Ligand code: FUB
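Encoded as structure tokens, the following chain is the form predicted on its own, with no partner shown.
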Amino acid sequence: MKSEELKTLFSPPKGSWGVFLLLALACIVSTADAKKKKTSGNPIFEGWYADPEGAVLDGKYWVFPTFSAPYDEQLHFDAFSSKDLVNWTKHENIITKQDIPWLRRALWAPAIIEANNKYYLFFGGNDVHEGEVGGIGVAVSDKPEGPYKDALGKPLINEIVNGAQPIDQFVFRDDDGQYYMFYGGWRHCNVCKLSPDLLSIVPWEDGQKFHEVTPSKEYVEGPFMLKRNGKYYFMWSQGGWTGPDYCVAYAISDTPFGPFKLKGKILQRDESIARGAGHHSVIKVPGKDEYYIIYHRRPLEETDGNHRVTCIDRLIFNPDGTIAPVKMTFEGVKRNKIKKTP
């Protein structure tokens, strides 16, 4: 082929039709690259995001993270969905400050659960202290991607109980259908029972609304629970969230309320990968005994406390039921599509 012909072939066409062709070509190349992508990579999507809540909803994998920014700028949530854990789609502004009448700053740590043919998004707001308005709120939508609207017009939990700041909530559905909320910062963790509509708290038999279940003196925040083979795995974050030693530890119990047998750390800094790894959640592949840990970490070269990115790696159970230490990677995980159930 002559040089003139090559120049004509690779020169962009003129006019709007030419722009259309270039955009179409870019789309084709982008689609081809996505299909060639064999692993998720870490981070799994661009941007500063932390405290990721992973879930399987409506036949897809979902991640609901905190938008990691100074508190006064932390005023919306984005969500991300994937059919295969490798390619992720961003859903912007699923809820914002305008949707929460009592919120003024610090929207963080979302928790998601499907119930009653709706999607309930729990969140912390205002970095509340004693005597202030804020704490844990709840919003509802008909779709995982929202839009979500504040359901109560006020926090579900506003007060400081047992020394636990009302943040970092996780909603756990036990096998009998009862919903429990585990929450708490400032080194204390509470549990409460939620009503069937998930919009109010049901008192315990002793008349109290909250029971403290702090599993370890090292507990700081970020509780998470899963049930496997009849055992309850209670996990949490410890250390300072802006520091390099932020990490995840866990304990095991025969009940959701303890007593918990401390097992140790499963996710922590790796000087060849990243620091500040913590505030995680776990996704179970439907129909399989396969698990993934979704967490945030801070790149090695970064010192800004808000520079946190969302990552995914395998969570592996040992034959004796304990959890193997998580190996952080830059590769992430391989493609894993959810199989449709008949």
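Residue positions are given as counts along the sequence shown, with the first one as 1. Computed from a prediction, not measured in an experiment: that's the story for all the values here.
The same protein also has a form predicted together with beta-L-arabinofuranose (FUB), omitted here; what follows describes it.
For Thr310, no non-hydrogen atom is located within 4.5 Å of beta-L-arabinofuranose (FUB) in the predicted bound form, even though that partner is not displayed. Though the partner is left out of this view, Glu145 does not reach within 4.5 Å of beta-L-arabinofuranose (FUB) in the predicted bound form, counting heavy atoms only. Although the partner is absent here, His296 lies within 4.5 Å of beta-L-arabinofuranose (FUB) in the predicted bound form, judged by heavy atoms. In the predicted bound form, Tyr246 approaches beta-L-arabinofuranose (FUB) with a heavy atom inside 4.5 Å. Proximity to beta-L-arabinofuranose (FUB) in the predicted bound form, taken as a non-hydrogen atom within 4.5 angstroms, holds for one residue of Met225, Leu156, Ile100, Ile167, which is Ile167.
Listed residues Leu267, Ala109, Cys189, Ile95 were compared with beta-L-arabinofuranose (FUB) in the predicted bound form; Ala109 is the one with a heavy atom within 4.5 Å.
Heavy atoms within 4.5 Å of beta-L-arabinofuranose (FUB) in the predicted bound form map, among the stretches 167 to 175, 201 to 209, 113 to 121, 137 to 145, onto 167 to 175 alone. Contact annotation for 178 to 209: no residue has a non-hydrogen atom within 4.5 angstroms of beta-L-arabinofuranose (FUB) in the predicted bound form.
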